[in-house]
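Let's start with one chain on its own, the form predicted alone, as structure tokens.
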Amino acid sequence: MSSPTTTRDSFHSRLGFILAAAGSAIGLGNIWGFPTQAANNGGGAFLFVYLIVTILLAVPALYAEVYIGNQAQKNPVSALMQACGHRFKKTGRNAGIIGLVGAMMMLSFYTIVAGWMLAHALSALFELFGIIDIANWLSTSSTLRNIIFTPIFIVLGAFIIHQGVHAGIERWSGRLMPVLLLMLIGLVIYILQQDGAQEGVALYLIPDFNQVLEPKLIISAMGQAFFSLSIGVGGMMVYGSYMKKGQDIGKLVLSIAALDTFIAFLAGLLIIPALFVAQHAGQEVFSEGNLIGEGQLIFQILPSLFASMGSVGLIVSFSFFTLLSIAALTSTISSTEVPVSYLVEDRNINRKHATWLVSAMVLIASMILIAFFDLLFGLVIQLLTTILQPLMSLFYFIVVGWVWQRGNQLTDIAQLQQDRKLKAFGFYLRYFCPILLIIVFINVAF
């Protein structure tokens, strides 16, 4: 264990924490996954359920995760051991280890997809300069391309992580997040001016309330909300631990959730109208109500749309895939920090060595996924987003509401501070959140 006199690195400002945590939350889940899920699940109906699930479950789960880390001021494994007390110490440690495994699972497939984004961004750039053969190779899916670009992205994340919390994570999040937001808004404005876009806007913003109680839609929205906010793998817990105690966690969490949801909303406003622009231009986009290619839509449909726009389209394509690459990078940073913080604090490995050790393990896991892509890739994503992340969130609710100091931690603090709002929230988190999560799982199982 690390010495108690060791000074932990930390965020130096509230804004730095918000941008870093929002960067963790805002990733491919928002800009790639959310629009795909929305398009395949009724558009406006999915958006409506997603917002409800985010408010009722995802935000409280995010609060619980950040709160545990902030109170413990330790990495997720040690934080959960402390929160669970002496009696359930082993359970807390095991849950923390499961979170580490979840973070590694996320990184194993996330870095592959991030490599696709980087390759497509470079493809548009090479085509713009007339280097067509390389551009075509970069835009065509292949095992060789995965083997080359996945390590590139892993190294990019490691470069930022090994610099530390303030000099690396906080500083780079402060640089990348404003660029991401400006690029996304610019692309939305451009796409909404194209022919056919308004039909996509109508599908996206006008819900069909007959669909909102469908089990498939609800579980998809829940999985998307938890994955989008990076809940359940310890990333938000470790970020919370880098914030000094005494901060208003509620306001910080609401700021993160609001920014994350806003980005997801904008991504839907970009990609779903873009699909209808492509359809208006003669491309086949939907088959029997579902997207052709589903998760591959941005690599099949959108590049064809961009190509039909000439040189301007190549610039738009480069901007779009650069945007996705930045979003992927900010998310991989937090997931990588989870096992790195554990190795640094609990195993006394220096940050540089811990970073490259974790990166090597992620590379091995990613290469296994690439080798057995058809068998493992979709399975790993499904296990993480629809099972592991919601179950870990359920565990956080139980820890904060039932186990911590053998009672309700939030209610205990609320009584000391005579804070009725915090006491009501503690009651909600203790009873309603676990029940709602369990109901969703039962609904899906049967």
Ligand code: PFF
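Residue numbers run from 1 along the displayed sequence. The structure displayed is predicted, hence computed values, not measured ones.
Beyond the structure shown, there is the form predicted in complex with this ligand, which is absent from this document and is the topic of what follows.
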Position in contact with this ligand when the complex is considered in the predicted complex, options G200, G96, G235, G157, heavy atoms within 4.5 Å: G235
message: Looking at I381, V59, L28, M392 here, can you tell me which has any non-hydrogen atom within 4.5 angstroms of this ligand in the predicted complex?
response: L28
- request: Given this ligand in the predicted complex, answer whether the residues S108, T111 and S366 all have a heavy atom inside 4.5 Å of it.
  value: no
task: Have a look at 207 to 215, 220 to 228, 343 to 351, 304 to 312 and name the one stretch with heavy atoms inside 4.5 Å of this ligand in the predicted complex.
output: 220 to 228
message: Under a 4.5 Å heavy atom criterion, is S335 part of the interface with this ligand in the predicted complex?
response: yes
- prompt: Should S331 be counted as a contact of this ligand in the predicted complex, where contact means heavy atoms within 4.5 Å?
  reply: yes
